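Before any questions on how it binds or moves, here is one chain, the form predicted on its own, in structure tokens.
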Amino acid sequence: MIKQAIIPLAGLGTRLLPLTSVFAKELLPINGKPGIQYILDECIEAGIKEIVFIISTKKLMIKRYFYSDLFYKKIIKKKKDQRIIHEYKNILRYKKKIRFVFQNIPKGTGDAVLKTQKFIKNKYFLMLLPDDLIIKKNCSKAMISVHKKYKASVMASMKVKKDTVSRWGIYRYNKRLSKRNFIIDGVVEKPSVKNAPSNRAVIGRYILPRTIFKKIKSLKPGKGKETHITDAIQLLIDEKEKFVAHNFEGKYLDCGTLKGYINSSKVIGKL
């Protein structure tokens, strides 16, 4: 059973400047609700019991958001506002499931994952990237079902425009398992258009084996002098670890760019 999830949150959010010069991008409101809460709700609905946040000392406001008990108690005592009471109860519900680790120097997703090693207890765990919202269908829940069916690691995927492949981890597949699921033959981080093995992108949801920690430790810095989780995944694929690409049913929203962030609020506001 997959009961733990990790969420890397230490990134600087430069694509959302100037908003992120003073504010953590994960707390920016999307239709009135911080973006990170959509990710938390997805995890909880999928049956996750513990969520590890990877933050930096520059983003301590994320921790403070969930630990402002004295502030809420004073406000509630004074105003008895039912909306505030409801929101505080929600925050307490999240808080019970969250623990924090630190990645103070941004060295890539692989390094972020490695920071959580001592907390991951089971054979597999879930990782979610907060820039990628998937709404209407719970992607994590569907991926857990795929994992159970095929006894494999799983990555969320979708086709992207060929001229945008350098933004993503791009995979090639070996064979089709079903209408939405494929065996992955290889994956490469942010390839050029010329060198991309396909236009099938890995989107920010992963079910990873605990063995990936050992592979991350063996990596040398890759593209951008960072340690990429896709490089560690490739090492596991080379050793015949089964990875399944799952073409999710939900609607993808890119919250990592200013244009995408604005669009996300518009789309969710219409639901």
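Note that this is a predicted model, so its numbers are computed, not measured. One-based numbering along the sequence shown.
Note that the form predicted together with a small molecule isn't included here; everything after this is about it.
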Taking 4.5 Å between heavy atoms as the contact cutoff, choose which of Ile212, Val202, Ile36, Cys43 touches the small molecule in the predicted complex. Val202
Partner-facing stretch of 85-93, 114-122, 128-136, 176-184, counted where any non-hydrogen atom is within 4.5 angstroms of the small molecule in the predicted complex: 128-136
With heavy atoms only and a cut-off of 4.5 Å, decide whether Phe243 touches the small molecule in the predicted complex. no
Exercise: Phe53 in contact with the small molecule in the predicted complex, heavy atom 4.5 Å: no
Is Lys190 a contact residue for the small molecule in the predicted complex, using a 4.5 Å heavy atom cut-off? yes
Is Trp168 a contact residue for the small molecule in the predicted complex, using a 4.5 Å heavy atom cut-off? yes
